[in-house]
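Shown next as structure tokens: one chain only, the form predicted alone.
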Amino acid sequence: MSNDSTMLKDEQLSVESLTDPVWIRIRDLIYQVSGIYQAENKFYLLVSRCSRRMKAVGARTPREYLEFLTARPNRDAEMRNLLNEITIGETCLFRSMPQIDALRKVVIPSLAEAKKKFSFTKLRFWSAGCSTGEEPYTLAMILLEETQTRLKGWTFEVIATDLNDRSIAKAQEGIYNDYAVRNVPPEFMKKYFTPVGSEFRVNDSVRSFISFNRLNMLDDSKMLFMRGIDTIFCCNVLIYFDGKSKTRTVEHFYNALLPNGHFFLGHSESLYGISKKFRLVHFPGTTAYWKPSESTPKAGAP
């Protein structure tokens, strides 16, 4: 059989597979567990990711795979494996310079000024949905630079969480290829990275400030423990949630932030229709959300 014939057969099987009503049940199960919603026009992605796991466990049909997710003794482990397939992401270090500039020029100075009044000299950042670690390492390097100047004598912590076990493991390694470090300033490459063959490893001087942990944002009990955060980055994660899951998760983020804390989303994301508790703030080339203190006048108040 020719390659073209094989490809055609695979495509036909995929089209037939898309109509199986069991996919709806698997889609709804994924949503219940993680908040990730697969619309009907994205079912081909769901089928593709599930097909990999079906092959791995030896399930012959979607119905049989549903049993692996609901009735087999290792169902929780298999759901984690499936979520690992679904939440694969791609990013790079120093991905958004407008956000980094806003952080260095406005957010960190304002946090430092506010905290000095109460003799607090520690900052806590949260990279929610940290993928393979590029964002938290970027934040840690920026904060390390700041401790040499305006934050001299301060300490900081970067909490990095993700739903994907494999992403967390990759993040903990801290080893990246040319493509992932393409935006890193040369002076940062020299100062904070060590060549490892054709790749680059983040130095321990950066890694020591970051804690990596698996976290399901829809797990209310775990999210309740996330408190006392000064700044949250959650970029290009909520796009996979529906309105109900977004509202629930953003409420957790609001409660996790300290007053005067900032919340950064991806450049195409917003909280419009999701939450009115935050104040939208504009920076050159980007926006963020700010949690007002109790003493801050309400918007529109005289």
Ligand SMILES: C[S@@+](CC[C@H](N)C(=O)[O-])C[C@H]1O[C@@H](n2cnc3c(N)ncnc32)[C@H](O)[C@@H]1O
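The first residue of the shown sequence is 1; numbering continues from there. These figures come from a predicted structure and were not determined experimentally. Rigid core: the largest C-alpha set superposing within 1.5 Å between the two forms.
Omitted from view is the form predicted in complex with this ligand, to which the following refers.
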Based on heavy atom distances of at most 4.5 Å to this ligand in the model of the complex, which listed stretch, 142-150, 163-171, 197-205, 111-119, is the contact stretch? 163-171
Residue-level question: is Asn81 within 4.5 Å of this ligand in the model of the complex, judged on heavy atoms? no
Answer yes if any heavy atom of Asn236 is within 4.5 Å of a heavy atom of this ligand in the model of the complex; otherwise answer no. yes
Would you please decide whether Ser96 lies within 4.5 angstroms of this ligand in the model of the complex, comparing each non-hydrogen atom pair? no
This ligand contact in the model of the complex: Asn183, any heavy atom under 4.5 Å: no
Proximity to this ligand in the model of the complex, single hit among Tyr254, Phe241, Phe43, Phe68 (heavy atom within 4.5 Å): Phe241
Exactly one residue in Ala102, Ile232, Met217, Val158 has a non-hydrogen atom within 4.5 Å of this ligand in the model of the complex; which is it? Met217
In the model of the complex, do Thr87, Thr91 and Ser131 all put a heavy atom within 4.5 Å of this ligand? yes
Leu258 C-alpha moves between this form and the one not shown by 2 Å or more, core aligned: no
Exceeds or equals 2 Å, Cα of Ile36 between this form and the one not shown, core fit: yes
So the Cα-Cα distance between Leu83 and Phe212 shifts by 3 Å or more in the model of the complex; is it shorter or longer than what we see here? farther
Closer or farther in the model of the complex, the Cα atoms of Arg80 and Cys235, when the shift from this form is 3 Å or more: closer
